[in-house]
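Let's start with one chain on its own, the form predicted alone, as C-alpha cells.
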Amino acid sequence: MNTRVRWALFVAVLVVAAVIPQIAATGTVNRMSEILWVAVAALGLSLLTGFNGQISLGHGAFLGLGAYTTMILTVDYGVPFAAAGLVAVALAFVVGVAVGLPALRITGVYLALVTLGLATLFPQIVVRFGTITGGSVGRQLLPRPGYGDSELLDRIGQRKFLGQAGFRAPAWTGLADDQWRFYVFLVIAVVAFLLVRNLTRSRVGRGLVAIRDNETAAEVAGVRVDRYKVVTFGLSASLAAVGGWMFAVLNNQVSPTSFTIALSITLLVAAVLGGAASIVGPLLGAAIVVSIREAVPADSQRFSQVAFGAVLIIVMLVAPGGVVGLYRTIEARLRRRGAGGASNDAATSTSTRPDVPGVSR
C-alpha cells in the first residue's frame, strides 16, 4: 500500500469517526471512547515491546497512576482536567524511567516478572494510602448510586467538589457531553499515534528497532542502548498515563479493582492482536478487545479473559504478527505473485517475438 493510499484511508477513517457520534446513541459513543483510551495505552506498550523489544506486564499500573493522579488533583484540589493530565503524564514518565532502570540489567522473562510485580502491587499500594487515594472506594466526581450523600462524603472526602459534574462540553460547541468527550479523545489519539509514527521512522526509531533485533550490534553501531531503553520505558509509561487520564474522564471515578493485573494483560492482548510492531496495530487490537468484552454478557464478564486468551492463541497460530502482520504477509505474497506473473509474461513475449533483421535475440 503506497503512501497516498494510506493517507487517503487515514482521512476516510477520521471522517467516519467524526460523523458517527452525530448519529449514534450515547452508549455507542462511549464505547468508541473506550476503544480510544485502550488504543493509546496499548500504543505505549507497542512502542516498548514491539519496537524496542522490552516485555512489560505492568502497564496497567501506569494507566492507573495516570487515572488516580487526574482524579485526586481534580476532586481534592479542583485542578482542571487538562492541567491534571499534564501532571499525570509527567509523573508517569518519571516513574516509568525509574522502573525502566532494572531493564539495563535484566531482559526477557525476568523483566516481565518485575513489571508483573508492579501490576500486582499497584492495587495494594492504592489501598494502603487510602487517605490520599480513597482506599477501596477510590475517587469519583459524582455520588455512586446506592450511597447517601453524607456517607459518601465521609468515606472519600469529596465535601468541596461533590457538585462537580465532570468533563462537560462547552456551551459554544452545541455538543452533548459524550460527543465532546469523544472528539477530545479522538484529537488526543491522533496526536499520540502521529507522534509515535514520526518517532519510529526517525533515527531514534531505527535505534530502537536495532536494539530489539540485536542489542550488541546496536551498541557497536553507536546506539546509546542504556539511554534509549530507559527513555523508551518512560515514554511508554507516559502514553499509558494518557490512557489513564482518558479512563478517568470517561468514567468519572477510579477504584483499585479497575487496575488489577487483568488490565495489564488486556493491554498486552490488544497490542499483540493488532500487531505490536506496527502503529495502527494497537487501534485494531483495542477495537477487537472491546468488541469481545461487549459480546460477553454482563453477568459473565469473568469469562471475557478466557475469550481473550482463546482469541490470542488462535491469532498467534494463524498470524504471529497480529492483524497487521497477517495483512503484510498477504500483501507480500500477492506482490510476489504479481511480479512472477509479469516476469512470465515478459519471458513469453520475448520468446515469441518475430525475427527482426539486424536485431539479435
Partner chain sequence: MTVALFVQRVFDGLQAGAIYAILALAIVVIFRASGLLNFAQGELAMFTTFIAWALLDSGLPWWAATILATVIGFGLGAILYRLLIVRLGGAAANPLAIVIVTIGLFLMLNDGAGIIWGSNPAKVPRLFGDGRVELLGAGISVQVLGLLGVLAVLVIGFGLLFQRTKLGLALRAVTSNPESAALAGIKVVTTLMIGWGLAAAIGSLAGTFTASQNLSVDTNMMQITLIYAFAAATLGGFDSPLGAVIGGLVIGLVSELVVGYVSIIGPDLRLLPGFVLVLAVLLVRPQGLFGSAKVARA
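Numbering follows the first chain given and starts at 1. Please read all numbers here as calculations on a predicted model, not as lab measurements.
FYI, the form predicted together with the partner chain isn't displayed, but the following is about it.
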Of the options Leu47, Val324, Leu57, Val38, which one has a non-hydrogen atom that comes within 4.5 Å of the partner chain in the predicted complex?
Leu57
Exactly one of Val191, Ala169, Ala83, Val127 has a non-hydrogen atom within 4.5 Å of the partner chain in the predicted complex; which residue is it?
Val127
Heavy atoms, 4.5 Å, the partner chain in the predicted complex: which of 30 to 38, 324 to 332, 302 to 310, 59 to 67 makes the cut? Say which one.
302 to 310
Partner contact for Tyr110 in the predicted complex: the partner chain, 4.5 angstroms, heavy atom:
yes
Taking 4.5 angstroms as the cut-off for heavy atoms, does Leu121 touch the partner chain in the predicted complex?
yes
Taking the partner chain as it sits in the predicted complex, is Val272 near enough to touch it, meaning that at least one heavy atom pair lies within 4.5 angstroms?
yes
Verify the contact flag for Arg203: yes if a non-hydrogen atom of it lies within 4.5 Å of a non-hydrogen atom of the partner chain in the predicted complex, no if not.
no
Report yes if all three of Val114, Ile265 and Leu317 come within 4.5 Å of the partner chain in the predicted complex by some heavy atom, otherwise no.
yes
